[in-house]
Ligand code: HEM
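As structure tokens, one chain now follows by itself in the form predicted on its own.
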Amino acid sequence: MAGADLTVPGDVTERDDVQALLRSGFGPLTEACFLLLRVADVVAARAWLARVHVTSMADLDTKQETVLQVALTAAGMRALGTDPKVIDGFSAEFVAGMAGDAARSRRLGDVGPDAPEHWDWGWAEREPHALVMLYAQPGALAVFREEVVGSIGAGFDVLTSLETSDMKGHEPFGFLDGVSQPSIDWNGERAPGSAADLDYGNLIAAGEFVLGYRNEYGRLTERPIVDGAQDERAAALLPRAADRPNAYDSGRNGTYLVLRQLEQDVPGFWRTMSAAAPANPIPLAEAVVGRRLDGSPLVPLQPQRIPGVGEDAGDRVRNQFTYTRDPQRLACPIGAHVRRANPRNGDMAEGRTGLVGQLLCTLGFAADTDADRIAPSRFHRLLRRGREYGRLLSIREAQASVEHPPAGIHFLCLNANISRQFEFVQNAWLQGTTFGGLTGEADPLTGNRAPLMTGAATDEFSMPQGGGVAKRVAALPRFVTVRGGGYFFLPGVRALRYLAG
């Protein structure tokens, strides 16, 4: 990797220009809904976007009773009349859209029942133009939503409203959720390209999540730049580009937002676990997920502190670990969901083994490690901000249930590079059947179970056994179905005003 460019800004100081979702998931605001909108009247839509109060990071210095955040799709920018040259400056994945082509759908695993043509929203005339996220204290959402929808007036039509539930920190399968998040280096303290990258660290450069700042390559991620000499509004509204003189940055302080509605078959999951392990299905379910029901890891905690892991007791107990202390994958199977989503490895997958080991790894000659099979985690981290929906069932209720109302997760993540972050994790790590040297196994929790083009199955889950053949669970059914999705841009506050012009 090329050395970091220290002239590229690493610290995020323009807090009043950064939407607060990048800093917080608004946990105390337990009521939330996501409004998916389509432009009905361009003039009225622009006027609303230009005046609506969007909660910024700076606003979080005081207690917030309600929060509003706004994101736009590429289709929404077109509908608002945004200059096509500006739109073309965004990433190709964002411009095309999540359901923009069949090849992308295949890479994401959106085939069969997960294919966009079966979605409730996110495809063709059901593609949203804007996403308005509302958060409120208990009992305050209904009034807040009514006020917001009323203020929108004739500008937008509400395509659908994604409702959420307060499951007290758990996701519908019953596991404590959201216990592991990257720690963003807001102060620019990280120096990507140093020896610290050889080991796993949870402190990630701000540019991996916020455009306009140094990323884990020590560079700026590509974003739409506007020539101030040709656009007076850009010069008046947008921050200057850090890397180009006389240019203005419509991406700075913004990020890409991925939203997917994932419906979970909770009864099917627990009936499958019970059928495969009748005496006690919980250990098998925990192996599939990669954590215990209470969120604690399956592998031993690390004796040394991991940079970026919080100091509170809960974070230390749940996240002070890597998988180097489980080399035979006996505690946590290599194919477990959370191990796939974040392998917790550094540039040397098995950790430091001295100067000779580092040199061999760097040159590609390391043996018996995952160094050549699993990419370093720091280039592929996601900042998750999702919310659950439906009703949380107990394990006993799920095992006995035949029919139940839909439940799942409105999966929402933030990343500065959709291709390298979300799409890589989804394609290479979750849907990939060769992750970590496996064969015939996609993610046991979220995999679509579709066979490969060769006809090979992808519905197995293996658990290595000490001194023996791995235990295998075959013919896993589908547990998660995609009901909608889209790629959005969460702009900085100034960029939102600019795009609304």
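Don't overthink the numbering: it's just position in the shown sequence, from 1. This is a predicted model, so every value here is computed, not measured.
Below, we refer to the form predicted together with protoporphyrin IX containing FE, which is not included among the displayed structures.
Worksheet item: Want to guess which of 245-253, 176-184, 119-127, 212-220 is within 4.5 Å of protoporphyrin IX containing FE in the predicted complex, heavy atoms only?
Response: Looking at the partner contacts, the answer comes out as 176-184.
Fill in: Contact flag, residue 337 vs protoporphyrin IX containing FE in the predicted complex, heavy atom cut 4.5 Å
Flag for residue 337 set to yes.
Discussion item. Just checking whether residue 21 would be counted as a contact of protoporphyrin IX containing FE in the predicted complex - the rule being heavy atoms within 4.5 angstroms.
Written reply: Output for residue 21 is no: heavy atoms all beyond 4.5 Å of protoporphyrin IX containing FE.
Worksheet item: Does at least one non-hydrogen atom of residue 12 fall within 4.5 angstroms of protoporphyrin IX containing FE in the predicted complex?
Response: So residue 12 does not count as contacting protoporphyrin IX containing FE.
Worksheet item: Does residue 291 reach protoporphyrin IX containing FE in the predicted complex, with heavy atoms at most 4.5 Å apart?
Response: Result yes; residue 291 sits at the interface with protoporphyrin IX containing FE in the predicted complex.
Worksheet item: Is protoporphyrin IX containing FE close enough to 94, 110 and 414 in the predicted complex that each of the three has a heavy atom within 4.5 Å of it?
Response: Not a single residue of the candidate spot has a heavy atom within 4.5 Å of protoporphyrin IX containing FE in the predicted complex.
Fill in: Residue (of 385, 344, 420, 104) lying close to protoporphyrin IX containing FE in the predicted complex, criterion heavy atoms within 4.5 Å
Spelling it out, the residue with a heavy atom inside the cut-off is 344.
Discussion item. If the cut-off is 4.5 angstroms on heavy atoms, which of these, 462, 458, 446, 66, is the one near protoporphyrin IX containing FE in the predicted complex?
Written reply: Looking at the other structure, the residue within range turns out to be 446.
Worksheet item: Using a 4.5 Å cut-off on heavy atoms, which residues of 416-434 contact protoporphyrin IX containing FE in the predicted complex?
Response: 422, 425, 426, 430 sit within 4.5 Å of the partner.
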